[in-house]
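The data below hold one chain only, encoded as C-alpha cells and taken in the form predicted on its own.
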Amino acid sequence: MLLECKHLSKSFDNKKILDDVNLKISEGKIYGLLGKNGVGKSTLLKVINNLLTIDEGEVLFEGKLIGVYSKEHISYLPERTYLDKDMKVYDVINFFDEFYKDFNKEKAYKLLKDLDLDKDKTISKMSKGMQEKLQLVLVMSRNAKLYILDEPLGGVDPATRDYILDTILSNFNEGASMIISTHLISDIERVLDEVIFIDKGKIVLTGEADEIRKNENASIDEVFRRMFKC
C-alpha cells in the first residue's frame, strides 16, 4: 500500500473538519478526491503532506509514518500560490532543482514551453492562471511516487483545462499514483481510476470510477450532484 490514512480526526475552533477518515491509496492509479468547497478536502491533503498536526489517527507512506521520507516522494500542489513574487521563473526552477533530488530541470523547461510560460518573467507580473501553471510545472517535474494536486484547474479558463489535464497525464511518473482534489468533477472525470467522495469531513463513498458509473447508471458528476444536491 502506497498511502494509508487511519482514523484521522482534525478540529479547528471546536469544529470537526476531518471525522474518522480512513483511506487507502494504491500504486499506479489516479484518484479523484471530490466534494464541495469547505468539506475538508484541502485539510486532508495538508495532513497527508505533514503540514498540519492531527488530533487523532495516523498517516503511513509505504508503511512508515509521514515525515522526511514521505516528503522526498510526495509532490504536492497546494490550493494557493506559495511562490516568492519577486523571483523570476528560471530562479524558481533553479531553486527546485537544488532542493529536490528528484527534480528534472529539462522536463521543467519543456513544460514551460508547452504551457507557453516565459522563463525570464517575474512572478509578480504573471496572472493568477499563469502562476498556477508554473506551480503545476514545478510539481510535475519531480520524479515522485505520489502526486497530490489541490484544485489544479481552479484558476484557468475552461478551454485551457483539457490541455492542462493532458499535460498532467502525460508527465507524471509511470507507476506513480495521483490524487486530484476538485469540485470541477466533469472536467476531470475521464482520467479517474478511483473516486473518493468527502462531505462534512467524512468519506461517504469510495470505489472504482467505472464500477460506480455502472452501478448508478450515471456519470460520476451526476452521482455527485444527486448525493449532494448541487
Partner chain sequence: MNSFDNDRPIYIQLVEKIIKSIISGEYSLGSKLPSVRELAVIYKVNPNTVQKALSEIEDTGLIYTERTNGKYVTNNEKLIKKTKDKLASEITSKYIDDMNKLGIAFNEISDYLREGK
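Numbering follows the first chain given and starts at 1. Only a predicted model underlies this, so the values are computations on that prediction, with no experimental measurement involved.
Although not depicted, the form predicted together with the partner chain is the subject of the following passage.
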Practice task
Spot the stretch among 199-207, 36-44, 51-59, 163-171 with residues whose non-hydrogen atoms come within 4.5 Å of the partner chain in the predicted bound form.
Solution key: 163-171
Handout entry: Whether K29, S186 and N217 all lie within 4.5 angstroms of the partner chain in the predicted bound form by heavy atom
Key = yes
Handout entry: the partner chain contact at L192 in the predicted bound form, heavy atom, 4.5 Å
Key = yes
Practice task
Report whether the minimum heavy atom distance between R213 and the partner chain in the predicted bound form is within 4.5 Å.
Solution key: yes
